[in-house]
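What follows are structure tokens for two forms of the same protein chain, given separately as structure 1 and structure 2.
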Structure 1
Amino acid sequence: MDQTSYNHLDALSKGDEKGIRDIYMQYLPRINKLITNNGGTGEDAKDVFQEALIVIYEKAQSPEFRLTSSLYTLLYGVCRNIWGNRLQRKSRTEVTLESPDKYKLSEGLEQAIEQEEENTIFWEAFERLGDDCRRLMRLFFDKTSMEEIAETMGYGSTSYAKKRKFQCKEQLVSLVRADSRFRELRP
């Protein structure tokens, strides 16, 4: 792994703001070109780019993860795969993006991409909540006690905090179910 790839992967893992900005600066224009040359818009490119970075972040959390190419090669391969999947869903015919061997992904990465496409539904629903609900649900998922939630959120009582938590979670569940990409999860 070259030093730039190492630095960028480290920035991604640690959530380093400056490093992340540098990742956008160095790689987004090329991913933008990939997507816009294949029927997408600039917004699609940003969306795919973000999802690819999250896939790589998740994979990099695993102790077994080893970067065997440059970060850009991996990123490009993941973006191609994500965009190919999206085109496939929109199209009734087989979609093939030209695929040089160096951008071929391992089976594990392809599965991680599919998994992240499902996870995105939950995050996007969460991000669509209002500020108050988002803060409350963040505390809730961080396993903060209802007493602390009531205090942090400035609610008068624990019982109101519980009531509010239910309302927010209900909104979240409704948003997930309303998403056309969502398929009921089997236990």
Structure 2
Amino acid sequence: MDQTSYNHLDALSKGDEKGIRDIYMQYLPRINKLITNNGGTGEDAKDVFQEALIVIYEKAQSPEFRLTSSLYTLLYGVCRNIWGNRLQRKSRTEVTLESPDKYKLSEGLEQAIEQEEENTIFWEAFERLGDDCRRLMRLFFDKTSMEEIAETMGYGSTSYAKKRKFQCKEQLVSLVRADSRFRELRP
């Protein structure tokens, strides 16, 4: 578990208002995006977020509780479960989760959540690249040959196209690594 997750879990367990405010500031916007992208409103997101924090708080009180992922990964999974259950109830489909481990993340789900978050971080960083780099990298992702990239981009040679692709790729990697969410996923 990374230090930020430990500090946030500790703040949650102790009812530390400053730490809990930090949890809200850092994670609520991402949970808001999850809920609003899946048919909910900002109010729904706040409700689900608060309910998830209560679930995690209650789980953390147990001596057997061990956080094996980042706090965000757990929070995301719990919010996703809560929202999924609400959506099913809205559609009048009965859902029963009797298992005491209903909020425990399976390794596969945890990896899927982390992969989804990594993809979000990547594409947000990609959008911060300059127009030239975004265009070049899209051509590269589409498996366009370096010769075609040089021609399309108006570069004088394929060696310059390769150099430029390397520079753009390095810039993209730097943007991803500078994102605090990425550092949280890959401590």
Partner chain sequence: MTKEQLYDRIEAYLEQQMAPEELAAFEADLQVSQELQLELALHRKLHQELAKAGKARLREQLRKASAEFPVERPGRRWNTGRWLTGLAVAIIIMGAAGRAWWLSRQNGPQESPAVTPPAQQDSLYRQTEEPADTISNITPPTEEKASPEPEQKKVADAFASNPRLEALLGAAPDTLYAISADAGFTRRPDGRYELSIAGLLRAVEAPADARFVLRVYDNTAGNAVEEGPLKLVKIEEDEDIYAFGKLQRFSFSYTLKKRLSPGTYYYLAFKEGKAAPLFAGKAVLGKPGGG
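Counting starts at 1 with the first residue of structure 1 and goes up one by one along its sequence. Since the model is a prediction, treat every value here as computed from it, not as a measurement. The term rigid core refers to the most C-alpha atoms you can superpose between the two forms while keeping them within 1.5 Å.
J.: Compare the two displayed forms of this chain and pick out the form predicted in complex with its partner chain.
T.: The chain shown as structure 1 is the form predicted in complex with its partner chain.
J.: For residue 58, is the C-alpha shift between the two structures 2 Å or more after core superposition?
T.: It does not reach a 2 Å shift.
J.: Rigid core fitted, is the C-alpha displacement of residue 178 between the two structures 2 Å or more?
T.: Yes: residue 178 shifts by at least 2 Å between the two structures.
J.: Would you tell me if residue 27 moves between the two structures by 2 Å or more at its C-alpha, with the rigid core held superposed?
T.: Moves: no, less than 2 Å.
J.: Can you give me the Cα shift for residue 131 between the two structures? Core-superposed, in angstrom, one decimal please.
T.: The alpha-carbon displacement, core-superposed, is 57.4 Å.
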